[in-house]
Ligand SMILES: Nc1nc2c(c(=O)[nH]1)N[C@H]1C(S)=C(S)[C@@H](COP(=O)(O)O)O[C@H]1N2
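The chain below stands alone, shown as structure tokens; this is the form predicted alone.
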Amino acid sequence: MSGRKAPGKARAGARTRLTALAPGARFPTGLRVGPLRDGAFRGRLHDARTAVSVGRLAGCALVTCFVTGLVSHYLQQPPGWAVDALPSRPVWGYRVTQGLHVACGIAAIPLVLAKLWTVYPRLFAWPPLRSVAHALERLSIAVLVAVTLLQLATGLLNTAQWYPWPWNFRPAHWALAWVMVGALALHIAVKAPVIAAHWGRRSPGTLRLPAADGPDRRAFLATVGAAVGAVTLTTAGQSFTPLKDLDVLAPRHPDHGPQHLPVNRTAAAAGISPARLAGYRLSVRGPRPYELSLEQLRALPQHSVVLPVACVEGWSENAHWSGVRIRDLLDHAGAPRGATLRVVSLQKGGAYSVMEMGAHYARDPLTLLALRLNGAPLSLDHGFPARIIAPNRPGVLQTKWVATLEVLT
């Protein structure tokens, strides 16, 4: 009998537990263990001032990614009304915006992780849902965190051209970007009073916590800054060539590849072989259609330009190109001045085997049907016998192995 509780005491204990867990009652302190207990998280690194300091940097990186991503999307796949309106200047425009897009995306990874570390104790706040408004706020935060982490992770894998998922990356990345920026805007609106109270070092709402509560905030922010600097310095060289000697973590080096220029899709991957190119002739379709052999193309007036190839994965590099101006080929075909050009490649399949070029690009004096790269004939991987090179264009639109130029009126 000594190991059994008296019936009266057992019933009283059950009533205590039921009363404590009844709706609206306080969760018993004795049952709140681990991260749910009062005072489970302490230290100045989890205070609002630190969260705001890291959060504003992470927010700037994400907004920059979103804006430059818009530029990349509309240059890669412009709506019909914009095809003839997109500018061909500055010649380095896409190189800068896409390099910034990828660099900010990589820099955002340690910033977002640091931001999450400063606020994660609040995930265990009790009660988890205090009202309908509080439930909606937490739901918006869950969406923001999930979408941001997925966006950054898949974007990083895209720079290495590794796609271990069943969906198409580009439309998914585009859709997630809008969800992410919408959730971020909502989060900023909800947290605006807290952000304003802790924005500056001497803001009225800033709490002055004792230094003994944990590692110094400045040391933490310096560590985060060092992490951002490290990943930036070791990856940005793939597009910002003064840093190319430090380019040890990026999947591409701007000087590595055939003819000292990287390639994303090889001739073998595109189904191009020397046998397929035998008897090559360029077909130009317009009011006065004609065809040219490679020898005839080489006999036309040749022009030289220095233009970058800038790829969506973030790498870019300047190169010397020579060939025939596209506008000269169009004039010979009797193309109207404002005509759009359709370019068809010999490659088998692929999302960009057919490409349209607006009049600003087609008529630009720097836009070439290139036959030579860095002083030598194009290699097979770089588009032999002829490829497009144009200013301020994504690399996927610099079509290789060109078979047909078609004037669209």
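Values in this document were obtained by computation on a predicted structure and should not be read as measured data. Heads up: residue numbers just count along the shown sequence, starting at 1.
Form predicted in complex with this ligand: not shown, discussed below.
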Proximity of Phe66 to this ligand in the model of the complex, heavy atoms at 4.5 Å: no
Would you classify His320 as touching this ligand in the model of the complex, given a 4.5 Å non-hydrogen atom cut-off? no
Contact of Thr367 with this ligand in the model of the complex (heavy atom, 4.5 Å): no
Does any heavy atom of Gly395 come within 4.5 Å of a heavy atom of this ligand in the model of the complex? yes
Stretch in contact in the model of the complex with this ligand, which is absent here, among 232 to 240, 109 to 117, 255 to 263, 162 to 170 (heavy atoms within 4.5 Å): 255 to 263
Which residue, Met180, Cys311, Leu329, Cys104, has a heavy atom that falls within 4.5 Å of this ligand in the model of the complex? Cys311
Going by this ligand in the model of the complex, which residues of 381 to 409 come within 4.5 Å of it through any heavy atom? Asp381, His382, Arg387, Gly395, Val396, Gln398, Thr399, Lys400, Trp401
